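A single chain, nothing else alongside it, follows as structure tokens in the form predicted alone.
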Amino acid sequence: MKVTVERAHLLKSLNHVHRVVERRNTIPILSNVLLRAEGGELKLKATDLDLEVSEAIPAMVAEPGATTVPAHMIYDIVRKLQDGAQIELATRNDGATLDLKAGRSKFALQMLPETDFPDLTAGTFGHRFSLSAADLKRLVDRTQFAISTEETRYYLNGIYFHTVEAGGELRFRAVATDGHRLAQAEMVAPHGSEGMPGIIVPRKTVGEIQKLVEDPEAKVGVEVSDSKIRLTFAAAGEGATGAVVLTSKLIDGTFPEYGRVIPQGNDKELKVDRDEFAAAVDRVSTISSERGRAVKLTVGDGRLVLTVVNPDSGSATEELAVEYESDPLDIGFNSRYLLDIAGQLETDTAVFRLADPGSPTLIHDFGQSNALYVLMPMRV
């Protein structure tokens, strides 16, 4: 194999694919990135056996071929090379070494045969549709913070994507929960998503999706089977190279009936300025213990008092003017969870629908119904 590529193209592509590779690997080939030169392009691919990212960039191919080299090492080398450099990649006849040359810099990297590299893309995808990158990013951003990190409840370790009939139309919905809080975001279902199975996309894949959405105007192709999802991020913008393709295994489990925990009869409505509320919660929670993190909300007569008491370090209170016309109420929440939800709200006014100190609270944007959040109270 002998191929020449521009540093900017190679660096951008390596940045996309190398993140999938774990720093510590018991299987040596999984530490490597696959390089395949043919037909005027260089294809790069990396995998951790659950997730695979591939991309093709333009290249001058003198001799077609394929090999694998350590992913993090080649990324660091290319990152440190001079901007604008032309990089030549050539395999030696010994079949064990890749020479990388750029200007006066020369590197010799140990290779592993490309025949050992695993392929995740096999299989058929029964459902295909596309949506804008901005819509996909919005669904993911609004829900990913609520993904559970508890490995024993593995079916909560991702975002549940599915279609549902609501208000007389088909909606494409994303839901995540860790048992303490739930986040739900939705949009009009894209054409082609009808009848797709409900799928749970793992946490690591969700993180990669967030990083791969670079141009909100671009289209993302989605292909779904019972066990895998494939996303194709179309190239866009100046200096765009080939499309980035992400293939991931899905979590093999059943997502719980989340509709049962979304309260329907909460009749006490509290409206508060989102930014003022978040800043006040942040201030008073400074005094809370790391483990407890409880903040008490005392609401009544058009005002909200936030209180934190920490037996070891003191107490803090702050008062906010709010819209509230129901009976007075004291309720406690985890301050970190309140801040996470406040950070996802899009309008200036946050709406809390409360019932009593022991029941879940519904939180959403004022005048918007595309996203909602459910938060379990704490005893304070």
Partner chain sequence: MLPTQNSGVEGFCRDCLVPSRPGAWRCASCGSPRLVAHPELDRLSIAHVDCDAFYASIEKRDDPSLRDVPLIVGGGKRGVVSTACYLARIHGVRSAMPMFKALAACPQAVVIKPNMEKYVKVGRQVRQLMLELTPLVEPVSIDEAFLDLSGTDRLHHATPALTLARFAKRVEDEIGITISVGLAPNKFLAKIASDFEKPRGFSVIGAAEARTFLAGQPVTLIWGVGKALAGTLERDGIRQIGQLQSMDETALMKRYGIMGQRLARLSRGEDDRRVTPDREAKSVSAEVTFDEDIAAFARLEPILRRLSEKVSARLKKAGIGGRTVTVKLKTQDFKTVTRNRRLSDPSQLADRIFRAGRELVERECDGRAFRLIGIGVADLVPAEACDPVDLVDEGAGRRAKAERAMDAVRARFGGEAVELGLIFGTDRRGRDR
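Here the structure is a predicted model, which is why all the values come from computation and not from measurement. Numbering follows the first chain given and starts at 1.
Keep in mind the form predicted in complex with its partner chain is missing from the figure; the text below concerns it.
Query raised in the report: If you check in the model of the complex, is residue 152 within 4.5 Å of its partner chain, heavy atoms only?
Result: Taking the distances in the model of the complex, the answer for residue 152 is yes, it comes within 4.5 Å of its partner chain.
Report task. Indicate whether its partner chain has at least one heavy atom within 4.5 Å of a heavy atom of residue 374 in the model of the complex. Result -> Yes - in the model of the complex, heavy atoms of residue 374 and its partner chain come within 4.5 Å of each other.
Query raised in the report: Does its partner chain come within 4.5 Å of any heavy atom of residue 80 in the model of the complex?
Result: No, residue 80 stays farther than 4.5 Å from its partner chain in the model of the complex.
**Report entry** 4.5 angstroms heavy atom contact with its partner chain in the model of the complex for residue 142
**Finding:** No, no contact at 4.5 Å.
**Report entry** in the model of the complex, segment of 203 to 211, 162 to 170, 256 to 264, 301 to 309 with a heavy atom within 4.5 Å of its partner chain
**Finding:** Going by heavy atoms within 4.5 Å, the stretch is 256 to 264.
Query - One residue of 195, 179, 123, 216 in contact with its partner chain, assessed in the model of the complex (non-hydrogen atom, 4.5 angstroms) - result: Contact check passes for 179.
Requested in this report: Note which of 156, 89, 229, 185 lies within 4.5 Å of its partner chain in the model of the complex, where distance is taken over heavy atoms; exactly one does.
Outcome: Of the listed residues, the single hit is 156.
Query raised in the report: Who in 336 to 368 is close to its partner chain in the model of the complex, meaning a heavy atom within 4.5 Å?
Result: Result: 360 alone.
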